[in-house]
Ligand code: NDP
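The form predicted on its own is given below as one chain in structure tokens.
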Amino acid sequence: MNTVELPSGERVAAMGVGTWNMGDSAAARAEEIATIRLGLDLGATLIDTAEMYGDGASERLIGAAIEGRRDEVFLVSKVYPHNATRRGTAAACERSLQRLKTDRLDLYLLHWRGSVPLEETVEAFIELRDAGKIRHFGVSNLDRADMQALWSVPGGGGAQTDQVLYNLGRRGVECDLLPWLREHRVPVMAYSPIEQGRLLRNPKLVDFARRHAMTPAQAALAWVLRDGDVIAIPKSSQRSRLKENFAALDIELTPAQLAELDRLFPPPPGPVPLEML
């Protein structure tokens, strides 16, 4: 498994498992658990979830899937903005830990910026870190101005990642946010790297993948992973899909292929508001 270095110096899997909408269906539960466990076997040890996902259902599913294998996992969860007060963050974290059946999170993120001051949320994160409830903290869906604001508060520069929407069709972060993060050595964690499956039906990507002997998912993921400093967390709820996604790690797109994808999916000409799903 390729890895990406966090600001702390710790290295994590470059491709993890996203779990949005996982845990919602009793009929799919066995396959979802088997997929997460296969991911661990293959080296996809970073698992991303949030208290928002299924109102805790995703966290409960993961807790079942990683039982007996917790030490293999780099576990990521997120706190709702409205819970991100000093006391609310601690309470939300405790609920997540109970659902996940663990005593600590490896990375705890602010899901998006709300009305609670960033300084208060960072204080809560640091208290949780000092108490051993979390190992690292970070953010999600923060644009460049938000990141600059985060860096201005005491301890805010300890954030380990900014998890944002980033894929071939959503390249706005390349204009301003991604350069800023790279300057500060903070890796992006790219959610929906295949646009919740919609990119797989894009005729341009389908044609590109066919001509270059890969699947659309593999092309899209290889593109996201191309520079070695972005973590991709595609949702994988079936073992066959996870294996297909995992094969993208063996694909190194050539300069000609990258140039072609730039023509097919050009970035915006200038900064745009941060997109979210």
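Heads up: residue numbers just count along the shown sequence, starting at 1. This structure is a prediction, so every number in the text was calculated from the model and none was measured.
What follows is about the form predicted together with the named molecule, which we do not show.
- Checked against the named molecule in the model of the complex, the residues A145, L200, V153, A131 give one hit for a heavy atom within 4.5 Å, which is L200.
- For a residue to qualify, one of its non-hydrogen atoms must sit within 4.5 Å of the named molecule in the model of the complex; all three of S140, Y191 and Q238 qualify.
- Here the chain stands by itself, but in the model of the complex one stretch of 247-255, 205-213, 47-55, 65-73, 47-55, has heavy atoms within 4.5 Å of the named molecule.
- Taking the partner from elsewhere, E195 is found to have a heavy atom lying within 4.5 Å of the named molecule in the model of the complex.
- The named molecule is not shown here, but in the model of the complex it comes within 4.5 Å of a heavy atom of H111.
- The shortest heavy atom separation between G23 and the named molecule in the model of the complex exceeds 4.5 Å.
- Contact annotation for G39: none of its heavy atoms lies within 4.5 Å of the named molecule in the model of the complex.
- Within 4.5 angstroms of the named molecule in the model of the complex, the stretch 263-277 places a non-hydrogen atom from L277 alone.
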